[in-house]
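In structure tokens, the next block holds one chain alone, the form predicted alone.
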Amino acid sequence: MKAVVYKGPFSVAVEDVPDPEIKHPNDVIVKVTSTCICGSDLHMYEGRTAAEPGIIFGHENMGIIQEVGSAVKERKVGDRVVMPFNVGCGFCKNCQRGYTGFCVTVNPGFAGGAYGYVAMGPWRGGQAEYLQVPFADFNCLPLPAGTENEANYALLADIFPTGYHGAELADVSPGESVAVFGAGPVGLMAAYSCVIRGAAEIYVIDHVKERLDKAGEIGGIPINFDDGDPVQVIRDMRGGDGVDKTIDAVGYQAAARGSSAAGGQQTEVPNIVLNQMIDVINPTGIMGIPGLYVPSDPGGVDENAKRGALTLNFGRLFEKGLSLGTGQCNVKRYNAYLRDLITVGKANPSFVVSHEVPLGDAVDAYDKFDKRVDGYTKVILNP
């Protein structure tokens, strides 16, 4: 089959690789119909992780079941399904408590597994024609048959639940004000989730025009941080007041003011968003941090950043009595409910999708998505 294979920093290729096989009676083989390129894939693509050449990328996958193992009871050939990016077993202590992003079965020695991602277990990615899915009864979310809502449902694998997770971590409630840092796919999904949860004012901070335009289209208040300190801009707009809640959808590759918004090199300040969140939030507020932070970053700006050690204004956090929640999304906690919102027409997250291209165009799509050029805000590959 054809698959997107990591070759080295800033290099992927679409190559022929062996077809996946049923390896355990609980497995299924899915013929992939849609698979997304994620901002997290770019961390590996840019050489900012310990990823070795040869990884098949792709953790946002949906398709049609082609083959089932003998122990699979609920799913059958022909089912249309979408898989959480987290691979979970369904029976370990963490999975049983709903923390499926921290399964201790699927990646021995580490809490958490995922398709096609460095250090997240042996699971090949789905930017390919076919995908092996383990513990299929648990991991395959059934979808309505047909092709309707293909792009909407594809986003249930990761970014829609992850954006919602950010709003959940911050406990965003009706009538509240929220500042969402980052208007990439997860940031836009976080802002959209705040809309769904009834937030009154949602400030969205970024410096890529296409992203900010999307934020405005869903009712967010776009803030371009290249035009000024977003903390001061928001406080000025609110008569000196801060916001009730904040969400970090940027992570450790946060950029300084004046860095290139598209196509060029950004000046990184990995702790800038976290400290701006502390500054702009009101006392007793809650910060949700679904943005990715890593314990090892070969491209870190200094020795501390290379080991994931960032300087925070913790005294200010303590003084304000702030709370925070962080960690990768436990997709199964949300995906069925979000699926049902899509099915009845109350959620349409695919507004974030800018391009749908054939799997064979993945090399070009990675290049443009990474450079944030030609309006590339979210890409779906169709094998």
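Throughout, we count residues from 1 along the sequence that is shown. What you see is a predicted model, and the numbers here were worked out from it, not measured in a lab.
Beyond what is shown, the protein has a form predicted in complex with another copy of the chain; the following relates to that form.
Contact annotation for residue 47: none of its heavy atoms lies within 4.5 Å of another copy of the chain in the model of the complex. Though the partner is left out of this view, residue 280 does not reach within 4.5 Å of another copy of the chain in the model of the complex, counting heavy atoms only. Contact annotation: residue 77 falls outside 4.5 Å of another copy of the chain in the model of the complex, judged by heavy atom distances. By the criterion of a heavy atom within 4.5 Å, residue 328 is counted among the residues contacting another copy of the chain in the model of the complex. For the residues 309, 301, 237, 145, the 4.5 Å heavy atom test against another copy of the chain in the model of the complex is passed only by 309. Shown without its partner, this chain lists 231, 269, 81, 196 as candidates; in the model of the complex, only 196 has a non-hydrogen atom within 4.5 angstroms of another copy of the chain. Proximity to another copy of the chain in the model of the complex, taken as heavy atoms within 4.5 Å, picks out 137-145 from the listed stretches 209-217, 137-145, 182-190, 150-158. Taking another copy of the chain as it sits in the model of the complex, the stretch 318-349 comes within 4.5 angstroms of it through a non-hydrogen atom at 318, 319, 320, 321, 322, 323, 324, 325, 326, 327, 328, 332, 337, 340, 341, 344, 346.
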